[in-house]
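Single chain ahead, written as structure tokens, the form predicted on its own.
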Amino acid sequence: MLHAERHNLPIVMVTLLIKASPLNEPDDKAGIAYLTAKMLTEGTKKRKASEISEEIEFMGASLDASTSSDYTTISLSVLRKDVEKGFEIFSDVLQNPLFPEEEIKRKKEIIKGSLMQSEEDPSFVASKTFIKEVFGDHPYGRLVNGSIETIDSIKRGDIVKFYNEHYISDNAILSVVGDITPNELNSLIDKYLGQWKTGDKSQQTEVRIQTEKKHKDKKIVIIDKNITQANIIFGHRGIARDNPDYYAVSVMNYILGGGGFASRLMKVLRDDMGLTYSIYSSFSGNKEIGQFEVEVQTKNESAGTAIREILKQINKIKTEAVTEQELNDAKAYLTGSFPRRLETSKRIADFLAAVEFYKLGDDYIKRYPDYINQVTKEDVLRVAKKYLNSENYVLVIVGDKKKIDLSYLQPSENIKQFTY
């Protein structure tokens, strides 16, 4: 349990991190972690879904559950004067969900409707295709909320089984921030979470991949769609969050494409070449190996030029040291913006839980600026060479195929073309 007192506002934020995610799902039940989380507030042994909603709204509080690639969180925001009632409802949805058949059916239809609607968005199609090509059958290669086929296959018994295996006290991290003292918090936890069941974690399944596994070939996917702007995602597997090079990679990526208008990709492709309004690169730091990606939208006719320039900039940062000014600017931004990530009690509660989950250390907040400031130009060059790949990568383009010229790319046997 993690606790930070903040008495500047009469609000208490609670984040409960459950180690339940797509990493724990069977392939044919993809989306079960997401669906289980969304069902928690849909009825308990004490309350109907409408009663939970009404009681939360009456207090002006909020209660929600969400699932990411690595974990599920249940979040409560409540005024200090209502904190006991808030904890009681929070405890109820956590420990006593009923998973009513009718509510499961309704929630599944909502998820499937959302998925079908998203298919109309070219950027969604590009992202979905990209992670599939990068991660293959690994859970990171599919959507957190599953697919229409796998959602249909999930039965109430599957949800109950998943809940019983993963929603146990020794599989969770509780983070509480706000206007509450340690004694008050301990009293609430004893009263409302003291009887929360433990479980047998040996029954849980989790998929792991080799963190150093890299692409050994080039994959190009062209999805033909009659649109004026091509949606392009370039990238490959990246690093895990606990990789010691994470901070040098953060600095390198800021200079390459993560730094907004200050990044090389933005300066060259937007300001100098006028190819796009926006372009960015990112490394996602997950529990397992994440992904590196560059995402850009440009005219179909400019897609080839944009991709060529992206490759040129990647090769440049792999072969030439960055300037002292670039290095200093990146460090100044990353260290200066870090406190903004902790401006609100909710952000702090979420952040503390994530720090514990990724095992970053109790003093991570104090040490972060040192991690960044210790990065050298040699470090940036080293990690660029190690973690960027301009030969073997995944390139996904959703756009008007007949207007896209990729003739400069070397022939590849791994070019897939689809009509969208």
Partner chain sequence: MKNSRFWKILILSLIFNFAFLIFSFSLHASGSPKSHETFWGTVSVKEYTLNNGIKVLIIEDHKAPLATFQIWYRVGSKDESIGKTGVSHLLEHMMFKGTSKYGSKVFSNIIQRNGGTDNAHTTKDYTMYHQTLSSDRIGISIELESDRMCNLLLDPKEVINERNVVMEERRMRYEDDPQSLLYEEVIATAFKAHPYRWPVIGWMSDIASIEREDLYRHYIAYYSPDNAFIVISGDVKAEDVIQKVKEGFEHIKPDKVRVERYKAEEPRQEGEKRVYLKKEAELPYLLIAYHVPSFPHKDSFALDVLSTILSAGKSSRLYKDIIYEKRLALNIFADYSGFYKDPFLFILGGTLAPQKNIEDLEKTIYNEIERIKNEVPSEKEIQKAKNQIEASFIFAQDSTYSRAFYTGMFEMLGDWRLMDKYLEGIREVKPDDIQAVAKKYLTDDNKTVGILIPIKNSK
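Numbering follows the first chain given and starts at 1. Please read all numbers here as calculations on a predicted model, not as lab measurements.
As for the form predicted together with its partner chain, it is not shown, yet the points below apply to it.
Exercise. With the partner left out of view, is L352 within 4.5 angstroms of its partner chain in the predicted bound form by any non-hydrogen atom?
Worked result: Yes - in the predicted bound form, heavy atoms of L352 and its partner chain come within 4.5 Å of each other.
For this session: Examine S77 and determine whether its closest non-hydrogen atom to its partner chain in the predicted bound form is within 4.5 angstroms.
Result: Flag for S77 set to yes.
Exercise. How about Y167: is it within 4.5 Å of its partner chain in the predicted bound form, going by heavy atoms?
Worked result: Taking the distances in the predicted bound form, the answer for Y167 is no, it never comes within 4.5 Å of its partner chain.
Exercise. Is T323 close to its partner chain in the predicted bound form, meaning a heavy atom pair under 4.5 Å apart or at it?
Worked result: Answer no; every heavy atom of T323 is more than 4.5 Å from its partner chain in the predicted bound form.
Exercise. Would its partner chain in the predicted bound form be within 4.5 angstroms of a non-hydrogen atom of every residue among R6, E109 and T298?
Worked result: Affirmative, all three are within 4.5 Å.
Exercise. Out of S53, N392, T376, S66, which one falls within 4.5 Å of its partner chain in the predicted bound form, going by heavy atoms?
Worked result: Flagged contact: S53.
For this session: Only one of E120, D137, E149, D217 comes within 4.5 Å of its partner chain in the predicted bound form by heavy atoms, so just point that one out.
Result: Selected option: E120.
Exercise. Only one of 153-161, 237-245, 139-147, 340-348 gets a heavy atom within 4.5 Å of its partner chain in the predicted bound form; which is it?
Worked result: After filtering at 4.5 Å, what remains is 340-348.
For this session: Heavy atoms within 4.5 Å of its partner chain in the predicted bound form is the criterion; list the residues of 239-259 that meet it.
Result: Contacting residues: Y254, G259.
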